[in-house]
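Quick heads-up: it's one chain on its own, the form predicted on its own, in structure tokens.
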Amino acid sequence: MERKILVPDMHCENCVRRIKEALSELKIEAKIDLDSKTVTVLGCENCFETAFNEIYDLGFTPNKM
């Protein structure tokens, strides 16, 4: 299952790195695309919700797509 999260305030590679490291620590597999400002979460619905909350906790404003 793949679901996307739009992160409009993800502006640079540092943002990408922060999100990637945080999700990696939670063992969540995700593809991050800076150009489209999206995080594609691979896995179950629980993984998606956990990733969404983690991105929010990092200070970003995620939106479910």
Partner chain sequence: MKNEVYKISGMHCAACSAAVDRVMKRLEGVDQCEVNLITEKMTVSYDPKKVSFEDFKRVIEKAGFGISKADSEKPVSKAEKKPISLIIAGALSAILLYVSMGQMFYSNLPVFPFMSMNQNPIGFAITQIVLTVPVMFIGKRFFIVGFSSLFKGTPNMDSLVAVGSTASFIYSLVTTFGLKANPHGVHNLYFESVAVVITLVMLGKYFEQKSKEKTTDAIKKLMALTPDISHLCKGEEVVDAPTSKIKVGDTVLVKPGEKIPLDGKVIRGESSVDESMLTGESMPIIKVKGDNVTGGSLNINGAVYVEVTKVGKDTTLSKIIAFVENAQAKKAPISKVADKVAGVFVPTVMAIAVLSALIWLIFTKDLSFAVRIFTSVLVIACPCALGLATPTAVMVGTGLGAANGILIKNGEALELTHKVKVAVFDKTGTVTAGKPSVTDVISDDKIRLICLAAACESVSDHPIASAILSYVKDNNISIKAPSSAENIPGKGIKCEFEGQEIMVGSLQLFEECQVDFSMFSGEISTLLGSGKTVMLVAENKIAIGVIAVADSLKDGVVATFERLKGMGVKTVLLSGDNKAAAEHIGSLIKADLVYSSVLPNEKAKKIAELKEKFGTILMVGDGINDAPALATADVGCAVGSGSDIAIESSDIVLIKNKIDDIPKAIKLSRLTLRTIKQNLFWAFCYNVICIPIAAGVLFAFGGPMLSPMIAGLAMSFSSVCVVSNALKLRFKKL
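Predicted model only: the values in this text are computed from it and were never measured. Residue numbers count along the first chain shown, from 1.
The discussion below concerns the form predicted together with the partner chain, not included here.
**OP:** Answer for residue 6 alone: is it within 4.5 Å of the partner chain in the predicted bound form, judged on heavy atom distances?
**Re:** No - in the predicted bound form, heavy atoms of residue 6 and the partner chain never come within 4.5 Å of each other.
Original post:
Can you check whether residue 15 is within 4.5 Å of the partner chain in the predicted bound form, heavy atom basis?
Top reply: Judged by the heavy-atom cut-off of 4.5 Å, residue 15 is in contact with the partner chain in the predicted bound form.
Original post:
Is there a heavy atom of residue 57 no more than 4.5 Å from a heavy atom of the partner chain in the predicted bound form?
Top reply: Close contact exists here: in the predicted bound form, residue 57 approaches the partner chain to within 4.5 Å, heavy atoms only.
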